[in-house]
Ligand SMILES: C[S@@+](CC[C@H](N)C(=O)[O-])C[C@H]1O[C@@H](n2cnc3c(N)ncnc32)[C@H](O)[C@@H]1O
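Just the one chain here, the form predicted on its own, laid out as structure tokens.
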Amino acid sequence: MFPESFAEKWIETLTEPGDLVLDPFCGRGTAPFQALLMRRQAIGSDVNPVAYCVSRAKTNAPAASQLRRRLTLLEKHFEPAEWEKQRKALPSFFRLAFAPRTLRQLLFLRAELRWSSSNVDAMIAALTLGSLHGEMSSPSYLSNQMPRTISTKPGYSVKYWKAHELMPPTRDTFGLLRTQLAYRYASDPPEDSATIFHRDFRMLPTIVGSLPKPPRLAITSPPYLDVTSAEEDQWLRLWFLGGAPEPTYGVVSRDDRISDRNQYWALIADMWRVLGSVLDENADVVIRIGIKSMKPGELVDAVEASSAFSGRPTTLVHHESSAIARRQTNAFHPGTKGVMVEVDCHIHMA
């Protein structure tokens, strides 16, 4: 992930209002959202349902009145008794993670929300995902004690809760969603919207051709080598969007946590082939990347060399490295040796 300031800097430097900005690994939608704020057009793509849902919601925000109306209708049609059987059938993790009332509401929303086809439902789903788990001392989260950034594994969570005699807080999901709605709409969303694809990035050449213009800038951060598994870390959010009630591996994406170096650079080569195919003439590419087993200079050389797979003349214009001050891995496993340094590369493509 990269912050809004990173996207803002490069969008301001390398594009003009009206230009099209692309992020083929859009994650939480930072680059497309920032592009809209700066009066650019934007497209993004991600194979992960959580990333797609959040990115779509941020960049295609419906009117707050539509959301309030939809929430009212959903709550009106919610019948708690209809979901008790499903609640009891879930693994013990869920019954310890959420209070009975809360879990029945989540099961109802999980079944009713059409987040992949409706902007209104995508926003409601995204708001739910943001509140699904976190610190139980905060009224902003629905779960028993959990990190807000990743979903801890069921076995670990159950053991922790039992050891500390923790019970899930009673939360009203509909009430919390209304609170989150008011917070998110305290300032107006962008006037324009972005096109977000729920696709493997390799499919972009078959899709982007239908757009009115080719992208002028690609700004992205591809998966890092052997660092983290989004599919595992986001398993509970994936469950809410229709996935399995336990962590899965290799179901959502074949590119999730690649450990083999040759396979990883094949992924990066595929990225360059796609960018070479879809970007405009005289386009720019900005990549933030990190690998724990390579020095910054080696990584820059590898990124520059791999750009040849674009099939177009490329020039490394700028690069810089920065230490990661607050690594997520260290927050949960002190002393771990994850990615310590990230490298930013700006490459011009003729």
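Numbering starts at 1 and follows the sequence shown. All of these numbers come straight from a predicted model, not from anything done at the bench.
Heads up, the form predicted together with the ligand isn't pictured, but that's what we're talking about next.
Engineer: Contact with the ligand in the predicted complex for R199, defined as at least one heavy atom pair within 4.5 Å: yes or no?
Structural biologist: Contact with the ligand, yes.
Engineer: Considering non-hydrogen atoms and a 4.5 Å limit, does the ligand approach R28 in the predicted complex?
Structural biologist: R28: contacts the ligand in the predicted complex.
Engineer: Report whether the minimum heavy atom distance between S253 and the ligand in the predicted complex is within 4.5 Å.
Structural biologist: Although the ligand is absent here, S253 would touch it in the predicted complex, with heavy atoms inside 4.5 Å.
Engineer: Do P245 and the ligand come within 4.5 Å of each other in the predicted complex, heavy atoms counted?
Structural biologist: Looking in the predicted complex, residue contacts with the ligand do not include P245, since no heavy atom lies within 4.5 Å.
Engineer: Looking at L67, V47, V286, L36, which is the one with a non-hydrogen atom within 4.5 Å of the ligand in the predicted complex?
Structural biologist: Going through each option in turn, the one that passes is V47.
Engineer: Which residue, A61, A51, L299, I43, has a heavy atom that falls within 4.5 Å of the ligand in the predicted complex?
Structural biologist: Selected residue: A51.
Engineer: Heavy atoms, 4.5 Å, the ligand in the predicted complex: which of 214 to 222, 159 to 167, 70 to 78, 172 to 180 makes the cut? Say which one.
Structural biologist: Careful reading of the contacts points to 214 to 222.
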